[in-house]
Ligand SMILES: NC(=O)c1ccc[n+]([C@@H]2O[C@H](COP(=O)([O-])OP(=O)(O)OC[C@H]3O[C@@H](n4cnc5c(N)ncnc54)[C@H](OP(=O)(O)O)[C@@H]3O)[C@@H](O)[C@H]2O)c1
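Just the one chain here, the form predicted on its own, laid out as structure tokens.
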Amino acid sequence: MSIVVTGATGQLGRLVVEELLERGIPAGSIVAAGRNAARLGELAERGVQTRTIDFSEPATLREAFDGAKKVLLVSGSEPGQRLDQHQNVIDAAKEAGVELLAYTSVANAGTTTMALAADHQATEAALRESGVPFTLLRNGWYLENYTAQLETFIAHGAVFGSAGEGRVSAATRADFARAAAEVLAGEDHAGKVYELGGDDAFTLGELAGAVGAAAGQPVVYTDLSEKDYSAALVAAGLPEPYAAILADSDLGIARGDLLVTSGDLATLIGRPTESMHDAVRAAFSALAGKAAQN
């Protein structure tokens, strides 16, 4: 029987497949499922089974899940469609008789009021009603949400947001992927709810300080109102609905919605999580290396 990883052509799902291989799971027992056929081909060359799927096309899911023991549902990314798509995955998993369906939810899904969490909360409810054995991987913020903006932070000499002095327990995708692989490769995870976040929470002011230290220049945190931050994101080129969600999520940080103190992530991965400071330094070194090559 196989382990199916959906979203295997995306950033998190691909890392989960890599982690499973690193753990010695036979490539032929892993099914990498996603929409990007070219990226799936790269995994097929390494012996991984591949399936082209679309969450909106149940037939592709039923085919991918045939013979599956465990499935990782990496949450979809299409606003307005995610709940229906997730339901399709749940239905296909139930039909296939999978022994475990792990779902990448959001931190503190039981209490958060962030707009971003609504689809996750509804999916968790659907899982509970389905009768399918499941594990909730309530992932916090990715550190890459911030390190991907390093050039912008340095260019402006500022990190902008509307999180105030709120603390966020962000962690790297690699750490979240390692936790998911542990659940898929291990046993006795059915019915568990894991609140996953980095060991060392930080404010956006502390993030700005770390960026400045890595760059060797002053970088400050500029706290804006939700409305002004959303407008700034739109001005930077983000679609208005997405900008509004990000600004609302910063308000969630201010309330403590993305603060995780469970220690579940470090426990699952068997080591401390990568710190924000280390992630910023690594991202800056990568930028410097890229600039030196140009």
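Start at 1 with the first residue shown and count on from there. Nothing here was measured: the structure is a model prediction, and the numbers come from that model.
This protein has a second form, the form predicted in complex with the named molecule, left out of what is shown; the following refers to that one.
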property: Interface membership of residue 145, the named molecule in the model of the complex, 4.5 Å heavy atom rule; result: yes
property: Distance check, residue 74 to the named molecule in the model of the complex, heavy atom within 4.5 Å; result: yes
property: The named molecule contact in the model of the complex: residue 202, any heavy atom under 4.5 Å; result: no
property: Any non-hydrogen atom of residue 64 within 4.5 angstroms of the named molecule in the model of the complex; result: no
property: Segment assignment from 5-13, 268-276, 281-289, 21-29: heavy atom within 4.5 Å of the named molecule in the model of the complex; result: 5-13
property: Interface residue in the model of the complex among 129, 188, 78, 165, criterion: non-hydrogen atom within 4.5 angstroms of the named molecule; result: 78
property: Candidate from 108, 172, 135, 85 lying within 4.5 Å of the named molecule in the model of the complex - any heavy atom; result: 85
property: Sequence-ordered list of residues in 14-45 near the named molecule in the model of the complex, where near means a heavy atom within 4.5 Å; result: 34, 35, 36, 39
